[in-house]
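Here we start with a single chain on its own, the form predicted alone, put down as structure tokens.
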Amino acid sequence: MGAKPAGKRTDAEGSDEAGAERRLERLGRNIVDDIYNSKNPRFTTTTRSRSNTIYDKKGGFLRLGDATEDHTFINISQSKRFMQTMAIASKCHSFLEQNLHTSIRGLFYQLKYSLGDEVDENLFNEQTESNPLIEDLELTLGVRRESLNLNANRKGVLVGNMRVVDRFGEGAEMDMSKMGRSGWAIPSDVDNDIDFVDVKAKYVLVVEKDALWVRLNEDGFWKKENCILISTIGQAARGARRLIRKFADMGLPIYVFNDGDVWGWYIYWTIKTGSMNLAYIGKDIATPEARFLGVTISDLDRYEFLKSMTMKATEFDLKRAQEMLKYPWINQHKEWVDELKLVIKTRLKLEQDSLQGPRLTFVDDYIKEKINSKAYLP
């Protein structure tokens, strides 16, 4: 399967790089206009709260509802937060003008300064103050932070039959089939100044643990099965989730290979439906088409040797399984209801590493058999 280049830099609504800069300038003009017109400066954003987080059953992902809130300057409870948000917007505008990038930690230090000799207070004291305001700004502008030149932590690796054209620096073109044992480090921004081209793969295999990714890479699994092999190295970062979404948009099936425990389930469902804390960009990073290969407790009936490889589920595991049974995006799938009830009944869990019990290469056979027989969970 081939894939066309993504084209020029885009944000969440499809505008180019200058679009984010223009939106920041429009926000600033609106604030200035309010001041000149003797109005209380304000901006409006969608409410980020659990009560305003909705499971979009048709789309298959978590998103924010329609509730909004005004942020005003002349309000004793909002004035500092308003000022802080404007300071973040101003800094992001300067980053775009200079074509410089930083992390959200770097932004915090850019803004960690005193408000003046006569005011014994800093603009920001802790990063926990600035992080939610970045999210407010993303929502207000309708762009992801990556288009504001703010990077999240880079996490995840990839290998497979495809090429990456990265226009950063010298505009390098990299062959993902020649990444060796280390693979290609997935950046936090997989939309801007980067194209994924000549994608020749039947499917994408997402592996929770780096150690299992290394095992499969050593076997040349991706080469023999013609797949894109990704490890999220635990919980999937924004960049990895966005990239998985982009592969799904190319028409590639997405299979997720995780532990059969609370953490493996959580990682899978954040890939599939998104998460509550990132519901404001749910459509852009969720992949409802994803399928869970395992490992599962029901595998005990398929593979006899696994019965000696189980671990006792903790009370936390069992409590989490009970909670998951109440989620509408999970309990609509009978297969998941049956699996979670089986976990609660047996009080067992499995790690994906256990598949190396008979022989190290059995992991390869397990994955192939699960895919070929469609023995996966929705």
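Every value quoted in this text rests on a predicted model; they were computed, and no experiment measured them. All residue numbers refer to positions in the sequence shown, first residue = 1.
What comes next is about the form predicted together with a further copy of the same chain, which is not displayed.
- When you look in the model of the complex, the only residue of 265, 221, 280, 184 with a non-hydrogen atom within 4.5 Å of a further copy of the same chain is 184.
- Checked against a further copy of the same chain in the model of the complex, the residues 135, 193, 129, 225 give one hit for a heavy atom within 4.5 Å, which is 193.
- Partner contact region in the model of the complex: 309 to 317, out of 54 to 62, 309 to 317, 37 to 45, 328 to 336, criterion any non-hydrogen atom within 4.5 Å of a further copy of the same chain.
- Proximity of residue 368 to a further copy of the same chain in the model of the complex falls outside the 4.5 Å heavy atom cutoff.
- Not displayed here, a further copy of the same chain is approached by residue 106 to within 4.5 Å at the level of heavy atoms in the model of the complex.
- In the model of the complex, a further copy of the same chain sits within 4.5 Å of a heavy atom belonging to residue 189.
- Contact between residue 157 and a further copy of the same chain in the model of the complex is found at the 4.5 Å heavy atom cutoff.
- Along 76 to 103, residues 95, 99, 100, 101, 102, 103 each place a heavy atom within 4.5 Å of a further copy of the same chain in the model of the complex.
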